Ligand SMILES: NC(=O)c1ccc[n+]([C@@H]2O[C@H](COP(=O)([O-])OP(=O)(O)OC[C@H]3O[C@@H](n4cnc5c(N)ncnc54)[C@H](O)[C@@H]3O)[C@@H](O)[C@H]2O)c1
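The chain below stands alone and is given in structure tokens; this is the form predicted on its own.
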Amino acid sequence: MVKKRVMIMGPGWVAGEHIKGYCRDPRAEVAAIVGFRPEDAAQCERYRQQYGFAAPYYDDLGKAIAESGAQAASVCTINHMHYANALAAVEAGLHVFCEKPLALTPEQVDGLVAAARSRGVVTHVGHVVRWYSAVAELKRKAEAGLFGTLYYGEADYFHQYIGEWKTKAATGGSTWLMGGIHALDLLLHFMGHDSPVAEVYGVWQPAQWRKDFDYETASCAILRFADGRLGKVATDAESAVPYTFRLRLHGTKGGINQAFYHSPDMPPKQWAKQEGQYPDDWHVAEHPFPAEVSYFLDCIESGRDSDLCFARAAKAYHLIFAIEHSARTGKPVRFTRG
């Protein structure tokens, strides 16, 4: 078996989980680590020792692309770097797994979609929550019709961000781009990613007790789908309570409440617990990145694009930009992208 040679950009915390996934999968090998900060070389060495690979370290992305022989890349850098890093990899003909958020502006998102389409590479955006085993099984139950038609959904992402780059719009983006994207993507995943959204209405408020944010920290949005169904999504970047990922879905025959579900063959007031892993811990090492990495490799191997390729994932980002525009203007926004 000829292994796919993968470049890792930005050897931070999340990158360690990507590296773990590639080192565990016999179809891949880490071909290069690219750092952008003074401390990245030392972190690269720690990952070499931890996972037993010998890939060279580069502090120049262009040189790494030219010399490493990489065929794919994982973009794990700070949010505001994703666009430039992913674009460089795509334009070099590499398959690209880009961590969330894909980019920080509508123009950047559309630019990456166009570049990936032009180069014909496999792309994937890291909305890791879909790969939690309990979430995946609940999705299978929903697709099998266990809950009937899902007509109302809620998803909330509440987490307190620590770290200077996470609290600045120039580097982190916004409360939606930092973490709210996970809730929005999961709502779309269950309600039907391809189901057209007709209108969004968003509200937000500035930080209530921390002084280091320069963007609005708490935000809530209502989505009206073209078929009349409703969704609600909320996020808070300075949440002073334990990490909370809340999922609630109502169907014509039952529904879902976080890691619990109700179906027609159950007593009226009883929930069943869905076995498996549910996103109830902020710690990166608890996220199912290896499963997501293997999915990305499956896509490369089969020559098909990911269900979260740049073009499909773009919908969630344009919804975010619409939500933020609505919150800024105080008016609902017609969503014309479907």
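Keep in mind it's a predicted model, so treat the numbers as computed, not measured. Start at 1 with the first residue shown and count on from there.
Form predicted together with this ligand: not shown, discussed below.
Student: Is it the case that residue 78, even though its partner is missing from this view, gets within 4.5 Å of this ligand in the predicted bound form, heavy atoms only?
Tutor: Yes.
Student: Can any non-hydrogen atom of residue 128 be found within 4.5 angstroms of this ligand in the predicted bound form?
Tutor: Yes, residue 128 sits close enough to this ligand in the predicted bound form that at least one of its heavy atoms falls within 4.5 Å.
Student: Does this ligand get within 4.5 angstroms of any non-hydrogen atom of residue 21 in the predicted bound form?
Tutor: Close contact is absent here: in the predicted bound form, residue 21 is far from this ligand, nothing within 4.5 Å, heavy atoms only.
Student: Although this ligand is absent from this view, report whether residue 53 comes within 4.5 Å of it in the predicted bound form, heavy atoms only.
Tutor: Contact check for residue 53: no, nothing within 4.5 Å of this ligand in the predicted bound form.
Student: Just one of 218 to 226, 231 to 239, 80 to 88, 191 to 199 has residues with a heavy atom within 4.5 Å of this ligand in the predicted bound form, so point it out.
Tutor: So the stretch in question is 80 to 88.
Student: To verify the annotation, which of these, 295, 271, 278, 36, has a non-hydrogen atom within 4.5 Å of this ligand in the predicted bound form?
Tutor: Spelling it out, the residue with a heavy atom inside the cut-off is 36.
Student: Pick out the residues of 177 to 191 whose heavy atoms come within 4.5 Å of this ligand in the predicted bound form.
Tutor: Sequence-ordered list has one entry, 182.
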